[in-house]
Each structure stands twice: as structure tokens, then as C-alpha cells.
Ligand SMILES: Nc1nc2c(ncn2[C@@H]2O[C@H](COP(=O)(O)OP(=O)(O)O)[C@@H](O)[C@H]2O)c(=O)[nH]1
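Okay, so here's just one chain, in C-alpha cells, the form predicted on its own.
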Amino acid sequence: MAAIDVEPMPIKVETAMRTLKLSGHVGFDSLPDQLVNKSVQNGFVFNILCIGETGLGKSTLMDSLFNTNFESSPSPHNLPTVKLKAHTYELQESSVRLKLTLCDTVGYGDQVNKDDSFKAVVDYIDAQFEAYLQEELKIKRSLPTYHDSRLHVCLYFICPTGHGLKSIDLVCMKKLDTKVNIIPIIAKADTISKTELQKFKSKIMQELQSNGVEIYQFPTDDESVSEVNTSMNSHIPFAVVGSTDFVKIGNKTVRARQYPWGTVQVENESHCDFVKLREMLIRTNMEDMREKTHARHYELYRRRRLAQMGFSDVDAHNKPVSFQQTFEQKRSAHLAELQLKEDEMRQMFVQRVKEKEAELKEAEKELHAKFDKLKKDHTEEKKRLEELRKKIEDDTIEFNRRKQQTQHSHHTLTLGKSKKK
């Protein structure tokens, strides 16, 4: 009986995610609480960079923002270059500890030639990124205890001229917009009228957009803060006023600046945007600035530095390559280069030894020739002196012989004369 081949029919299997319902309380809903408790225990870090010309009230605004009195001294106007000074403070509010670093640009905008005013700021930001990168690349890392000095936000103080931004402002912000979150603020906003202030804000934003300067935008993807952040983005740049003086108005003592024509209250939203800045900077978006610094600005720097070191995610054929493979290739290439340099140095050493030996042989040959010449001259001189000595001896013998002959003849003549007598 012949066998009959039967092709198996394909069976379609539908894969679906199975959802299980918990029969009781497990407890992983406490993970957010665990994260909060751990974060509160470790504390937080926030670093602010203040850029602006000397005398725009940077230190005063920091005192007003954090409702304290930071140590600061007036900056001179005669510094030849821009210097950055950072001071770190330990703050605590309720049970939350904050390690705050305030970095100030001393002498910014005071030089006659302002071409390189931004260079010191860029170098400082890159130095903080480099320090964090070196800590990451260590074999034994200690990132949990490492003091993160990367700058999370840059408050750029704009002089309240009412005529737009200066060239130094545009150049500096353009150099920094890929390295730090920039929030432009108009300093000493009480020196300009409200009508001029709105025109000044519009002109600043127009100049920033036309020059391609990207400033920090408050995030609107979170539903809880989307509405308020969208509203606050329209108020940038913030026009702020700072003060270290307290004035009693009614039954309340508030931060204010007292003038002959009236009082400017720092925390009065109808007087300035100080409250808006504090809400956006500290109370609402501080964590977003920290995340964006790490995920965007530092990541760009890290990617560029690793590319400079020769590391890449793909090889020459656009295929994925691991960090280990790239390291091994770089190590092999480096060892081959060292071996090549060693061979070149060895050949150069041998060549120089041969050249030195040839020089020494030539010098030895010259010395032998000089020695032979001196020896020949010495022999000839000795022969000449010997002949001269022999001649002198012969002359002496001849002289003595003649002398004897003379004496003998004289004696004979004397004897003859005696006999005659």
C-alpha cells in the first residue's frame, strides 16, 4: 500500500498580553515614596551661573531669590580679563537640603576690547563637564558622593537700556545656548517705564530669534504644569528687581526699594516679574533644568569628547560596534604606533652611532696623521741636532788641536831664543 504525503496545515497562533489582577495588596505602589525618601536623604544640588555687567544687581537678586544673605563683595571695574568665582552654600528648607553653587562673572563687560569676554565662561562650563566625564570614565566611580559642579541654569542679566541687546549679549548667548539653559532677565527693571518695558521685551525676543539664539523654554509636556509654563514662556525675558532692604507697608514687612517718588515692592507682581522668576526657576522647573543639563548639554559634550578620542557607535561599514571593540582597536593602533616610533628611534640611534663612529674614526685618522708628522718632524729635528752636535764636537777637537799646535810652536820659539843667549 503506497504512502500518502500529507502537508501539515499552518496553525496561526495569536499572541496576546495577559493581564492579571492582583488578589491582594503587594506594595510596589510605595516606590515613589521610597524614591522621595532616598532623594531627601541624599539632598539636592543646583548650580546657577550669573552673567552680566558689573553693577547690575546679580548678588542682590540671588539674596532675594533664596531669602538669605550670601557673602559677596563689590567687584572692581578695572580687571583686565573676565574671571569666574563660584561659592557653594548648604541650604535647608523644611527637611530638604540643597547644595547651592552660585557662580559669578567678575569683570564681565568692563574691558575696552570685549571680543573674548565669553571665552572664560565657555572654558569654565567645559571644565565642569570634563570633570564629570573623567569621573564617569574612572574604573572605580563614586558618582553618588561626587559634587556635581555642572551649571544647570544661566541667568543672563540684560542692561535696561530700552534699545535692544548689545553685541556682547548676542555673541555670549549664542556661544552658550548649547552648553547651558539660558534664561534672559532684565535687571533693575524699575529704571524703565512699563510701556517701554513691553517694547524692550519684544525687541529682545525678536533679536534673539533673528540671531538664532536658543533660550530655555519651560516644559509644557507635563499636564500638571503645562498651563502655567505656557503662560510663563510668554513673559520671557523676566523684568526683575532685587533688594536687601525691608520696608514696612501696612502691617507687612516686605523686600522693597524706597525712592522719593514711592516704593517698589520686589514680590509685587504688578511692580516686576520677580515672583514669576522665582516660581519658574525654583519651585516648578528646577528638576527639569537638572535633567536637561544632564540629558542634553552634557550629553552633547560627552559625545563630542568621545568622538575626539576616536570612539563611535558604528564602524567604517556603518555596523554597530561596542565600546570594548573600539577600545581594543584604539589600543592595538596605539601599540603599533608606539612600536613604529620605537623602531624609528632605534634606527635613528643606530644611524647616529654610525655617524659618530665615522666622526671618531676620521678624528683618529687625523690624530694618527698628525702624530706621524710630529714624529717625522721630531726625527728630522733630532737628526739635525745630532749633526749640529757632531759638527760642534769636530770643531771643538779641531780647535783644541790647533790650540795645542800653537802652544807647541810658541814654546819652541821660546827655547830657541834662550839658546842664542
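All residue numbers refer to positions in the sequence shown, first residue = 1. Keep in mind the model is a prediction, meaning the values are calculated, not measured.
If you look for the form predicted in complex with the ligand, you will not find it shown, but the lines that follow are about it.
A.B. asks: Just one of 239 to 247, 219 to 227, 305 to 313, 119 to 127 has residues with a heavy atom within 4.5 Å of the ligand in the predicted complex, so point it out.
C.D. replies: Only one stretch passes the 4.5 Å heavy-atom test: 239 to 247.
A.B. asks: D190 near the ligand in the predicted complex, any heavy atom under 4.5 Å?
C.D. replies: Heavy-atom contact with the ligand at 4.5 Å: present for D190.
A.B. asks: Quick one: is T60 in contact with the ligand in the predicted complex, heavy atoms, 4.5 Å cut-off?
C.D. replies: Although the ligand is absent here, T60 would touch it in the predicted complex, with heavy atoms inside 4.5 Å.
A.B. asks: Can you tell me whether Y259 touches the ligand? I mean in the predicted complex, with a 4.5 angstroms heavy atom cut-off.
C.D. replies: Yes, contact at 4.5 Å.
A.B. asks: Is L65 close enough to touch the ligand in the predicted complex, meaning at least one heavy atom pair within 4.5 Å?
C.D. replies: No - in the predicted complex, heavy atoms of L65 and the ligand never come within 4.5 Å of each other.
A.B. asks: Using the arrangement in the predicted complex, list in sequence order the residues of 41 to 57 with any heavy atom within 4.5 angstroms of the ligand.
C.D. replies: Heavy-atom contacts within 4.5 Å come from E53, T54, G55, L56, G57.
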